[in-house]
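First, one chain by itself: the form predicted alone, in structure tokens.
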Amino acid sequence: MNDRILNTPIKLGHHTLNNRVVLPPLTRQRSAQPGDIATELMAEYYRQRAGAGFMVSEGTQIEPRGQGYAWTPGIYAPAQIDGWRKVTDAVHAEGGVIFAQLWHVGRVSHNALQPGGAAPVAPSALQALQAKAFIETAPGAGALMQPPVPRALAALEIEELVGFYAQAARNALDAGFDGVEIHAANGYLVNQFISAHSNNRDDEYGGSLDNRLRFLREIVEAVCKVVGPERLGVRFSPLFSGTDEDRVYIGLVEEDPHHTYIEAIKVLEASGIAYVSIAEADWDNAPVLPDSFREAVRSTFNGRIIYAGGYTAERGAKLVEAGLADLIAFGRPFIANPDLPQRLFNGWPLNPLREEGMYGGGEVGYTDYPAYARP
């Protein structure tokens, strides 16, 4: 096996990436308040990790109702665009390539995070019983809360949401991002439309799988018109066993996940987008993604394929060498190791991850992890 394969260049859309190591979207809850604005500290965090061949920002909500966790950044207001420009300028100064992840949590929210204290919105009025929202309880302090029963969106409101995604994509380009990724994973809004467990609509957005994929299809088409397919990716999180109670945030478990997600990937292939990103379950004894699914993804989709979820350099290189992946994303290791690509390429030891500062706070657990010091 060629362990060096992750340290080879690859084309992604119009970009030639220096390597195949990806910084995936990682929620860190460091935005400035009020306003959910990206900061200089966030710019430093991303700058430190710009040695990745490709970077995707943490999820950034496309409208106020899209927020499910306190202190996450938005990309719908002018001040937020200005804040993100600090991040993209810092990354580009280091030669990095970064896309913005466009995020709407749908029903995984709380009245305390919603404009006017309203109920969260979703395809159907079905409560997310196992997921949690995170609300601020005092400055710098918060708590996990059970999401309430959401309000089902009217068809005209769904059309409006598609427009919000398109506008967020325009805002991302204005902020200097090289492209955008649609968050269609982890049980959030787009995933809620796709899943029969969270979508019981009887109109053109519900019922058959083709109808449940309509929202995804319309968003992809609308965003493509703004950024072009070569600057667009989509993230999914197919789960192949377990129940909705089993780490629901990774994604809703479909009756036939292989069929569901291959049909979803066909939507992406028809639009010619740059990549699909697959987030795998990564907890202890998590269900394994079948090889048959990986092979079907490769045979269905002609763009780049990214996998994430508990990967080591060796395991990732093996998947790339087998032709089933093009790039490999490393989440938790990248949090603790700002120079992760060089550590992987040279076999240098990794910093251990500290739980302190994972979500919210300042520099501690965020920008204070050291780069490797050679003896």
Ligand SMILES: Cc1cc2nc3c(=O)[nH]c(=O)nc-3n(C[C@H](O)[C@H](O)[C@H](O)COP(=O)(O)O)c2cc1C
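The first residue of the sequence shown is number 1, and the count goes up from there. Note that the structure is a prediction, hence the values are computed from the model and not measured.
Below, we turn to the form predicted together with the named molecule, even though it does not appear here.
Asker: Give a yes or no on whether every one of T27, Q101 and G309 sits within 4.5 angstroms of the named molecule in the predicted bound form by heavy atom.
Answerer: The answer is yes: all three residues contact the partner (heavy atom, 4.5 Å cut-off).
Asker: Check each of E159, E94, D282, E269 and return the one that places a heavy atom within 4.5 angstroms of the named molecule in the predicted bound form.
Answerer: Selected option: D282.
Asker: Indicate whether the named molecule has at least one heavy atom within 4.5 Å of a heavy atom of N186 in the predicted bound form.
Answerer: Taking the distances in the predicted bound form, the answer for N186 is yes, it comes within 4.5 Å of the named molecule.
Asker: Using 4.5 Å between non-hydrogen atoms, is R212 touching the named molecule in the predicted bound form?
Answerer: It does not: once the named molecule is placed as it appears in the predicted bound form, R212 has no heavy atom within 4.5 Å of it.
Asker: D339 near the named molecule in the predicted bound form, any heavy atom under 4.5 Å?
Answerer: Although the named molecule is absent here, D339 would stay clear of it in the predicted bound form, with no heavy atoms inside 4.5 Å.
Asker: Is G51 one of the residues lying within 4.5 Å of the named molecule in the predicted bound form, judged by heavy atom distances?
Answerer: Heavy-atom contact with the named molecule at 4.5 Å: absent for G51.
Asker: Tell me which stretch of 54 to 62, 342 to 350, 318 to 326, 36 to 44 has a heavy atom within 4.5 angstroms of the named molecule in the predicted bound form.
Answerer: The contacting stretch here is 54 to 62.
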